[in-house]
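As C-alpha cells, one chain now follows by itself in the form predicted on its own.
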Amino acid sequence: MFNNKSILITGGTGSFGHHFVKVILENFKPKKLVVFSRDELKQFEMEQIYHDPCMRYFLGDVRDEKRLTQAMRGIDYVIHAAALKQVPAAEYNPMECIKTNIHGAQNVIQAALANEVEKVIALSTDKAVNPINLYGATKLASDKLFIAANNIAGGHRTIFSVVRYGNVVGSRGSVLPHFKKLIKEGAQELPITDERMTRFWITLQEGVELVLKSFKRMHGGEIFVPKIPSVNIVDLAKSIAPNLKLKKIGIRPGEKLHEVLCTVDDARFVLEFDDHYTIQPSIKFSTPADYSLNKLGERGLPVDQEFEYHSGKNPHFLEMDELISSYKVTV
C-alpha cells in the first residue's frame, strides 16, 4: 500500500516520527517521505540517521496553512502527529496549545483537501476522553475536526480518521526516561504521583503498526483504539529500580488518576474487533459506511451498552516480569 506513494508526517522529528520513518524505510519503497516540523536542529540530527533518497525535510509549522498546503503537493497519505503535549505547559500557555492543536488541525485538514490527499490519519490520546486538562480538551476538539472533515470534504477524494492510544513507552517526556535519568544521576528515591495511578501502555512499534493498519482499514470518520495493557505506576517504578524508595509527590495540575479510551457514553458507537475497537462517528455522513466491516474485511461486533475502556479496570495489567521482559524496562 505504501510502495511508490508519497507520505507526509507532521511533527515528524518526534519519537513517533522517528520510528515511523524507520519502519517505512525498512519495509516499503515510498516515492517520497516528507518530515514536516518546525525545529531545524532536530531535522538536521534526524537527517544524519535517515537520508534515503526518498526523504524530504520541510521546515514549517502546522499553524501556517500556506506552508502546509505547499508541503502537501503531490502527497498521498498524511499522518498528523504534531502537537503540544506537555500537560503542565499547556495549562500555563493555553493559547499556544490551542493554536497548535486546534488551529493546526484545521490547517492540516484544509491543506489536505486543497491537494486532494487520499487519506489522513490524526494521532490522538487517551487524554482527549472526558478531558480535565487543556491538552486533552484541545485534542478532543482536534478529533472532532478530523471526523467532521469527512462531511466538509464534498467532492474531494480525501478521507480522515483518528487513531487514539495511551502513553508510549520511552517517548520523549514520558515517565520511563525520566526515571532512568534519575537513576543514572544517583537518585536514592523515585517520585511517584499516586500509588493508585494507572495508565494504558503501548510501545512505539505497536503505535506505528496500528497507524499503518488503520490506513488499510479506514472508511473515514472512525476512531481506532488498540487493545493494549495497563500499568500501575508503582509496578513500573519497582520494575526499574526494585531497591529504591518511592516518594509520593501528588498529582500534577491537569492529571488524572486513571485514563479512559472509550467512555460509557460512547459505548453505543463502539465496535469490538480482534485486536482493536472502532468508535463509529456520532454524526451522519452523506455517504454512509458499514463500519462493522472494515476495508481489510475484518468484522466487528457491538459492545455491551455499559462498556468502558478504563486503564484502572483493564483486564490486562502488566506484571513486573512482563514489564521487564516484554518492554525491556532496564536501566
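Residue positions are given as counts along the sequence shown, with the first one as 1. Remember, it's a predicted structure, so these values are computed and weren't measured experimentally.
FYI, the form predicted in complex with a small molecule isn't displayed, but the following is about it.
N167: heavy atom within 4.5 Å of the small molecule in the model of the complex?
Answer yes; at least one heavy atom of N167 falls within 4.5 Å of the small molecule in the model of the complex.
Any of the heavy atoms of F20 lying within 4.5 Å of the small molecule in the model of the complex?
Outside the cut-off, so no.
Given that the small molecule is not shown alongside this chain, does Y135 nevertheless sit within 4.5 Å of it in the model of the complex, heavy atom to heavy atom?
Y135: contacts the small molecule in the model of the complex.
Does the small molecule come within 4.5 Å of any heavy atom of A148 in the model of the complex?
Outside the cut-off, so no.
What is the one choice in A83, V208, V260, I121 with a heavy atom within 4.5 Å of the small molecule in the model of the complex?
Here the answer is residue option A83.
Under a 4.5 angstroms heavy atom criterion, identify the one residue in N115, T198, T100, S239 near the small molecule in the model of the complex.
By the 4.5 Å criterion, the partner-contacting residue is T100.
Using a 4.5 Å heavy atom cut-off, which of 6-14, 316-324, 20-28, 303-311 contacts the small molecule in the model of the complex?
Residues of 6-14 come within 4.5 Å of the partner.
Using heavy atoms only and a 4.5 Å cut-off, decide whether all three of Q106, K213 and R217 touch the small molecule in the model of the complex.
So, no: the whole triplet misses the small molecule.
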